[in-house]
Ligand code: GLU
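For reference, the chain that follows is the form predicted alone, supplied as structure tokens.
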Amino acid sequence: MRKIITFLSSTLLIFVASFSFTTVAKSAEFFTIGTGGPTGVYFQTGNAICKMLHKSAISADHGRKKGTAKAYRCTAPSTGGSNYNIGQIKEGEFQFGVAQSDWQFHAVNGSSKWEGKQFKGLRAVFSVHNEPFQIWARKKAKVKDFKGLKGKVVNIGNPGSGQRGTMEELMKAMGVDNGYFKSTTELTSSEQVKALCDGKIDAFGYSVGFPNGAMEQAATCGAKALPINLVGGPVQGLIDGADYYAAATIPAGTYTGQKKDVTTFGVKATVVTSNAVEADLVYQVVKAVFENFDDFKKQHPAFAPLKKEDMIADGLSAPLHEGAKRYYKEAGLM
């Protein structure tokens, strides 16, 4: 008898779950936010936005009259990163994406990798955390700076990622190409730390907010972030020639065994969309984040320093989406 009751209970739960999902699917509009590797802050950013939207939807449901507002549900899958996300938005596959500020600039202006593929319809939503570009090297590689990477096995990042694009910009500034290294790999951000700790690669370059769990894992296995000389060097020229780059510092003690500040350069993480995405959706996404701002900042340590007034200006090269501007004006931020 107990087995029959258990079976019936399980069947009922499955039915209820299916009914609930069907009800939501019929009444809500689903959309996608492109992120990055599952160990990176982009993935956390996309899912934090979805979490805030879900929180707002629950609050709204308590006072909403039937049929008075459209409900939205989002998903934030792991992707290839900045350029991949922008490309998918351009194709209409994604409605939003997280992207480095430099690749937002290049996409909307048709420069660098976006030459001949200009995306004039790209729109900015807001910027998020700072992203210092970091070169991590394993201890046995005995590398002290970029020049020490000569003849080493280096991961330059997967095609389509902002990581790959920034690494290539740095290499160009330093006057080297892939031939400078013993060999290069195209591992994703979620694969590179294990490869470094296992000795399969000697170093990798990565743009990511800090603190980052994957970088702490690298530090724990003896790897360290290399300082990038800025003053009077080629990287300073790279920074001076582009508004979307800025000097950056990873403070001492951020990671295990890090006794000194690490000087480098970096970009901003930004959330972008398309002018083809309806204004109400963008408005609701922005509203969800900005009206649950304290909760949003708690979703990752990299979000803690965020200020609303900076998020609607810093690192944004594309025009603001009309839906975003509508909220900013209503909230008195513009």
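Counting begins at 1, following the sequence as shown. Predicted, not measured: the structure shown is a model, and the values here were computed from it.
Although it is not shown, the form predicted together with the named molecule is what the next lines describe.
Screening 79-87, 227-235, 146-154, 119-127 for residues having heavy atoms within 4.5 Å of the named molecule in the model of the complex returns a single hit, 79-87. Not displayed here, the named molecule is kept clear of residue 272 by more than 4.5 Å at the level of heavy atoms in the model of the complex. The closest non-hydrogen atom of residue 162 lies within 4.5 Å of the named molecule in the model of the complex.
The closest heavy atom approach of residue 207 to the named molecule in the model of the complex falls within 4.5 Å. Among residues of the shown chain, residue 40 is one whose heavy atoms approach the named molecule to within 4.5 Å in the model of the complex.
Contacts with the named molecule in the model of the complex, taken as any heavy atom within 4.5 Å, map within 126-159 to 131 alone.
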